[in-house]
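Considered here are two forms of the same protein chain, supplied as structure tokens in two stand-alone entries, structure 1 and structure 2.
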Structure 1
């Protein structure tokens, strides 16, 4: 493939990269996707469907293997079944000037293989927030600009959800919602009666409840409710690049996908003032290669894209391509969390539920909407679920014999837990940059994390704990246990910012089309492009912006501007 020229290079194959590849390939462009991860084809998920006794460590992971993944071992899905989908931290180090958790996928498809699948549109308020309260850089777009692209992306992804008519959480193009169970239905009535501004709705998740024609054509079928999503799903019942976008791109005949390719630099051509391609390392052979294209799309994930752009140095841009005004690497965000509550719901012992539902409930943001809270700016939403205790309690219980076995067979009491995801403020001093001397084994400069939460996020987390407890109380739960622990930046795995969109080159990296202000054929469409973080999960918004940027680039290419 050396010296071969493509129409488009897409760096990364996750939520943004996979969709960019699909769109470009379907428009007829010869598209090269480069991904640092190892190849995993849809359906070739090595731990899918395996029972504990078929696993070498029965689902647990020995301490010596955890030592190789000293960051990844703390992610909530980490187990013997999933650890191969996460990187080896010893091979991929980074520096923490201030504590930051960086969870990363290790396979083609990236974190789309292991994401939480919660899928929500951002609201008008989210795109206006920076302008209204003066934090961060004003978005150069509004909800109306991105709404048609949600309409395009959501049916392809396949999102189950209910129509609620809420301004703070716009409805989309949904498949039938995952139903609430009996405890959740009763909690909904009690909470919404006591707090009319708080809405208790089914979680919106990218799991197919009623597959449409475009899903079936890709071999995707209805969710089997196995609760094995992070292992990979050969049914294609939850959305991943591997199950949907990449196969859709591949069937056009226009896709070239190279795995184990660590992109290190976007090459800048001084004569044309354009990006001419990228330089990457074959991570298995160590061979260094260059490839050329008319357009480069950066979709390597929020922090990885920024790392590559910062490392793309030239005489014109000695601090990173397109980075004339020290804006690259600034305004790093993640959702703040750690606040919530849990409790036991008395009764309902004659009721149960069928299957392992992939989504629970969601309570959209209610703070700082119609009234100002005073202690903090922006807001948060809650995710949660009610379920019955299973036999797991018996692993640490005392007992033996027939009576004990009979007791283990009975489902336990109902419990409910909810936890908040809050919007952290975009701050210029929250940044990442390249280490001056340290590099990984392939020669890539290490990224230095210099990010911390402020008193605004701390006050928000305290409020999460208090409001969660008051809602569980009015819902009738007992033994309520509020919790309030400040999770480190990065823990929510919703990193955003670093190459923000804006209106001026002096204060932002990208224009309203996700196009680098100074390099017109360079686009960035993953989370690094985001100027604020909302409080809802961002993945489907990454994809909507990607779809919009691809459409713009397509028009520019056809008109001869790129």
Structure 2
């Protein structure tokens, strides 16, 4: 690569980076995407479609392999089918001053390959929350600023959902919703009758229920309900960078994608007061390279972007590029969880289903909206699903012989389970920073995690558990089991914050255009830009902010400001 070959460098190719690349390429910019992961081309998913008997351990992972992934082994999707899409922890260590689980993708496309695909708009309330209760830094934007960009992103992603007209969970541009099953429909009636402010709706998921022209043009077709998404899907039926954004970028002819490239530093040019490019390591050869461009977009994932920015040291910025006021790495958030309940729904034994649905139900936030809950600030939503037990129960059940075999052959009772995702408060002391001496094998300083939940999150998790049990009782379930587990920060895989947006350079890292206050051609558009966390899944909002920032950068470039 010759110097000045590129207009734009995008660091990372996941939810944010993939979309940034697409947008820049479609606008005619020569775009370089650098990703630490190994290349995986759409369609080359080595465990896709494999039956359990084609897997040596029927999907289970031996201990010695788990040892290489001592953090990743606890991700809810971890199995022999998916582990190659997750990072090797021995190669990519980090320090936990306080416990933090850091789940990371290992491939180009990042976590877009393995995400849960739940896609919800944030609400007015979410963008006003910091201002209203005084936690964190006030967002420099409001819902109205982001709304048009959701309108742009959602049809490209392809999100199924129902139109509900709720303030707390704005409707988007949806494909037909995934159906609720008969048990869920009856639960919906009973719960909504008993609690008029709670809504039991189909989960909004990025799986194509009815592909549109722009999906078909990329070879993306209808979801086949295999429920194998994290293995990769040749049908392109769920959204990933690999199936959608990167192919869309590639067909413009403007994309250059380099895999196995660990970006270590954004280079600051003192003369111009701008970022001149980035420095990276080819992880296979060890060769160190520098590459220049007019604009740099950081989309490396929340914590990795912060890590790179902190490591971008210069005479002007000894504590990381654009970090004059010790704002970088602060206000780290994740969704708190671990509270919920499950139970058995009697009856419905003649009813069944065909296919493995990619999403269940969602109950949007209802706490601290019209009335104030005394024990905590902000709120949470529930995800859940009803399904019938299958053979797995038999592993640890009593019974032998023909009667046992006949019993296993029939589906068991209907069970419903739901679990909460809560908004954690942005706290300045919840931070990450670089270790002063430890580095990884490529020379990158390790990130130190110093993040913990407070009594607000603990009270919220307790309420999730009690409230879930109360709703299941109303819905007619029996044998209700509330749970209130300890979910460490990081475990919801919704890391946000660290390079927050705000109005002033003294208190925030980015302005309202995701632009570094002090370095105008440096943008950060992944979750690190977020000043608060909402309680809904963030990916589609990462993309909406990315779309908006690309549009702004494009205008600035055209007007000669960048």
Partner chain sequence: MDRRDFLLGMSAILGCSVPSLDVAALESALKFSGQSTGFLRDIELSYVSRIADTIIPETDTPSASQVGVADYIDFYLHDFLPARQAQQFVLGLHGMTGSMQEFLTLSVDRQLAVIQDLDDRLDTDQENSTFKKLKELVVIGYYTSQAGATQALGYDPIPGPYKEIKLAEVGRAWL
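Being a predicted model, the structure only gives us computed values, none of them experimental. Rigid core (definition): largest C-alpha set, two forms, superposition within 1.5 Å. Residue numbers count along the first chain shown, from 1.
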Which of the two structures shown, 1 or 2, corresponds to the form predicted in complex with its partner chain?
-> 2
Superpose on the rigid core, then tell me if the C-alpha of residue 404 is displaced by 2 angstroms or more between the two structures.
-> yes
